[in-house]
Ligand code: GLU
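Next up is one chain by itself, shown in C-alpha cells, the form predicted on its own.
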Amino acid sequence: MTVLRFAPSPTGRIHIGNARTAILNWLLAKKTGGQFILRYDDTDTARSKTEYADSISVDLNWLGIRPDRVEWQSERIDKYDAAAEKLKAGGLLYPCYETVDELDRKRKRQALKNLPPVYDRSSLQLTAEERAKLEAEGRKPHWRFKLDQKQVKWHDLIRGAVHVDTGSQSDPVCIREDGTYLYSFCSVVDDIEFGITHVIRGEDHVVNTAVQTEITAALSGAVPVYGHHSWLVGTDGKGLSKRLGSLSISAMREEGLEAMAVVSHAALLGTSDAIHPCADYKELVDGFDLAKLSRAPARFDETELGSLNAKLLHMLEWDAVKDRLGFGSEAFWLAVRGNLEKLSDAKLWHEVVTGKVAPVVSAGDREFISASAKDLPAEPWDSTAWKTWTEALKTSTGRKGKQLFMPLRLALTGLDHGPELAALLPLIGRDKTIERVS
C-alpha cells in the first residue's frame, strides 16, 4: 500500500504553496488507494503553536483533505533518541563544538579562498581529551551526520533522473546544542517507522533528499520514492514569498472562493488542464497524473483562480450548493449560476427576484415601460413567457433588439446586466413585473 504524508511546521498558516504540496500527496494516495498522514513537524518548540496547528487542520478540512491519521513529532522524542544512539554507536553522528560565530568565520575564510562553504569536519579529528576539555569550558556539542560524500541517484517522479553529490554538502546538523532535533532528521525516522512509500515536495528539497537518503540507509530503512514539484511564481515570474499573507488558504476561504476551485488550481498548475476546473474530487483523482506536471516554475495567477472559480460555479448542479446557499430553488440556481463569480453573488439575484428593486427608467423609455404591462401574457409562466411578451411588444411598439430588451431589463432588475430574462421572469412573477414596470 502506498503511504504518503504532509508534514507542515505549525509555525504559521498554510498558503497556496503549502497547500499544493498537501494536495499532490493526498491525490496520489487517493489515486493509488493508499494512506495519507498529516504529521506536524513541531520540533521547533519556540515557534510551534497549537493555534497554527488548529488552523492547518481547519484549512485542510475546508479543502476536502482529510488525513487517515495525525501524528506529532513532539510526541516521538524517544524514537529520535533511539535512532540518534544507533548512529552515534556507528560513528555516523559525531559531536561538533564550534560556536555560530566560529562557523561563520570559517565560511568567510573559505569564501576568500574561493572555496565552497562546506563544513571541514575538523571535529572528527578531536581526541577524547580535547572533547573533554571543550566541554569543561562549558561548550555543548551539536551533532552532525557523517555523509558518505558520494553520488546519490534516484528516479524522480517529476524531474526524472536526478543525482546529487553529497561530497559538495556540509555534514548536516541533526541535533542542536540544546539537545533538540532538527526536523530533517526526525523526518527520516518518522518516514521509516510510518512506512512512507512516496514523498512529493518542493524542488527546494532536492539536495535534502540526497542527505535524507543517506540517513535512511544508515538506519536500515527503505528509501521512499521522491517527486519534487516546481516553485510557484507570480505572473511576473517572481516568487510569492512577499505576498503569502494574502495567499493563505484561510484568506481564500474568507474571500468566498470555492474549495474545489482552489484544489483544482493548485493540483493542475503547470499542466495543460490548468484552465479547466474539476466539478468534484472524483474527477480530479481520476485524471491525476504527476507526469503531467511541468518542471518549469508554475505561474500562480489570482485572476486566473477567480476565473476558474466562476467556471466551477457555472457548472455546479443545485444539489451541490443548496445546503450552503440556504435560499432559492433549482430553477433559481439554474437561472443565475452563469452570472456568478462567487457563490455569495447569488444573494444579489435572489433579492432581484424576491425583494424590492428600484427600477431604472430613462425619460425616453418611460411611456414604453408603462405601456408594456398591457402586453404581459397570463400566468402560469414558464421559459416561454419572456418571448411571448417581447414578441407582442415588438408588434405593438415597433421596438426591437437592444432598444426593446435593455429598457425592460433596467426596469425589472435595476441593472444593465445579468441572467437571461427568459429564466428570471417566471421567478419574478407577474405581480412584481407589473409593479416594476408601473
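Remember, predicted model here, so these are calculated numbers, not experimental data. One-based numbering along the sequence shown.
In what follows, reference is made to the form predicted together with the ligand, a form of this protein that is not presented.
- Proximity of 8, 187 and 205 to the ligand in the predicted bound form is complete: all three residues have a non-hydrogen atom within 4.5 angstroms.
- At the 4.5 Å threshold, heavy atoms of residue 183 reach the ligand in the predicted bound form.
- Residue 201 belongs to the set of residues with a heavy atom inside 4.5 Å of the ligand in the predicted bound form.
- A residue is said to contact a partner when one of its heavy atoms sits within 4.5 Å of a partner heavy atom; residue 41 meets this definition for the ligand in the predicted bound form.
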